[in-house]
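What follows is one chain in structure tokens, specifically the form predicted on its own.
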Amino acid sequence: MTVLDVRDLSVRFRMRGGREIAAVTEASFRLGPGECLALVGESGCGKSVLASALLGLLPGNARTEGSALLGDLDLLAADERTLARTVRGRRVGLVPQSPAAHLTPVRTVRSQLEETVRELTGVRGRVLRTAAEAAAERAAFPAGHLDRYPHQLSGGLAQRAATALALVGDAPLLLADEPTTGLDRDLVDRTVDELRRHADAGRALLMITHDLAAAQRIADRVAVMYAGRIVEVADATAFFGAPGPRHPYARGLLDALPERAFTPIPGMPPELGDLPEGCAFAARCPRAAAGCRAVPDLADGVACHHPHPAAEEASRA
């Protein structure tokens, strides 16, 4: 059974003068019930654009191709009425990357939680207040701040408020876009553990993050994005352990961590509006060769002409 089936999803932004920016190119992955997929990569690689495409939240100059099936509904083809009335919040919950922009500035956190609980669960009357406070507790949002307005919250508190709102209703699919931004390590762990419980209850979770420690704690599988393309999809245990990532870029992400080699990837990612021919990582890659002038397909979970060995190959070496 599949909750979300994304096939060849591409997003292009048409700029002034007719120039196009390829923000996402032919992204494909599946998410099943009870599963967490962590989508990781450097800032600007297209992760958040992909999430916005799934919810119909792209600007007017965006053009999408491919499909994203949520059950029998193609999210990319759905009209705004369908998305607003039956998808957002009900079938797909969202922890936004910029929570302050998604919170209503003239209403307290409590009133927004109570309204969301009422709309999504049907709770009314005296128990509504208790239900809203329970929703806040799930996201470690302090009860003493419930009667504050969004502008009175720190970035971390706004993040927790947005997480609390997203968890209400227990949507079959949860999109968490950088859900640990602004949180200290203890709160990061508590937040991702709550998100993991959401998945463990038989729902699906797509977590977009640059926090690899959080991804390691929560994910069943990892998808790595670079320059708008998914370049590797791997089992999380093998990715973070042995034999490790197969794509040189994914391996470089782990090697850059302070608790590992603490060695940064040389160079800078290419501009999405000016991508090179062939493999976009070739200019930064220690394994690049002449064959990298062609764009590699995502075959056997990795889009690379010269990947590191898979587990079975490493065991034979």
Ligand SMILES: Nc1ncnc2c1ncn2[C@@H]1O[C@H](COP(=O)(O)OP(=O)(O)OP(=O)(O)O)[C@@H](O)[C@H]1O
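From 1 onward, residues are counted along the sequence shown. Remember, it's a predicted structure, so these values are computed and weren't measured experimentally.
The following text describes the form predicted together with the named molecule, which does not appear among the structures shown.
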| property | result |
| --- | --- |
| Partner proximity in the model of the complex: P33 to the named molecule, non-hydrogen atom cutoff 4.5 Å | no |
| Proximity of H210 to the named molecule in the model of the complex, heavy atoms at 4.5 Å | yes |
| Contact flag, S28 vs the named molecule in the model of the complex, heavy atom cut 4.5 Å | no |
| Partner proximity in the model of the complex: E42 to the named molecule, non-hydrogen atom cutoff 4.5 Å | yes |
| In the model of the complex, the one of L254, I265, L272, L69 near the named molecule [non-hydrogen atom within 4.5 angstroms] | L272 |
| The named molecule: the contacting residue among D220, E114, E178, E194 in the model of the complex [heavy atom, 4.5 Å] | E178 |
| Residues in 118-148 with any heavy atom within 4.5 Å of the named molecule in the model of the complex | none |
